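Take a look at this single chain in structure tokens; it is the form predicted on its own.
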Amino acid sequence: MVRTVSVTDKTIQVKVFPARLLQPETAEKLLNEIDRVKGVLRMLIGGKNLPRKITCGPGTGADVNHPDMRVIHVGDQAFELHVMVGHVIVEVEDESILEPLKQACERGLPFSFEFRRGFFIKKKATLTDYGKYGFRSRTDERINLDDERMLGMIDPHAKPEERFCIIGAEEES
């Protein structure tokens, strides 16, 4: 279940920098507003990591019950936030989607934000991707990746079930 639109060189990437770190409720509202915009191909959230365990000191190994580590719902998918959202990278089909995307950010954020265009997520496989995903065969050097939109989206240090989640996927006909 994936959207049929593919990532090409014509796609545009935008980084939304809110004026402050987002609380889970605000992050959920913003991501849902962005998800409703037609033409959004993929989103990537980033920010300060919320640790699961204490890594040093007398409480080493104990669980950290951070109040911002909550399950949020985006589209029809629920997932646990592992970061305090500091920015959102969005990739869209073309130039015409930028204005609706900016309006969605204005609806989702109760404070100011920066809206920067640039190149933030890679579009082609690198040597590291070949190491992560492997080869299809010895003669074919393309990576074994079902959906090219996953390039640059997976945390290689995360557990397999926590690496990414597909939101708003559509079944191919």
Partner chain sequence: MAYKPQYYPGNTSVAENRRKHMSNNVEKLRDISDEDLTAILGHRAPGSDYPSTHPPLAEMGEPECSVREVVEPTPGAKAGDRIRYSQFSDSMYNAPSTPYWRSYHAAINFRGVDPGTLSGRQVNEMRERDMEAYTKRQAETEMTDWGLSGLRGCTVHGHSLRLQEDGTMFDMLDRRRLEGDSIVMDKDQVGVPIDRKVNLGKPMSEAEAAKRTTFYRVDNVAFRSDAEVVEHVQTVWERRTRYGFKPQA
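Numbering follows the first chain given and starts at 1. Remember, predicted model here, so these are calculated numbers, not experimental data.
Form predicted in complex with its partner chain: not shown, discussed below.
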**Residue among M84, I72, I89, L101 with a heavy atom within 4.5 Å of its partner chain in the model of the complex** = M84
**Message:** Check C56 for me: does it contact its partner chain in the model of the complex (non-hydrogen atoms, 4.5 angstroms)?
**Reply:** yes
**Message:** Under a 4.5 Å heavy atom criterion, is G39 part of the interface with its partner chain in the model of the complex?
**Reply:** no
**Partner contact for P67 in the model of the complex: its partner chain, 4.5 angstroms, heavy atom** = yes
**Request:** State yes or no: in the model of the complex, is some non-hydrogen atom of F111 no more than 4.5 angstroms from a non-hydrogen atom of its partner chain?
**Result:** yes
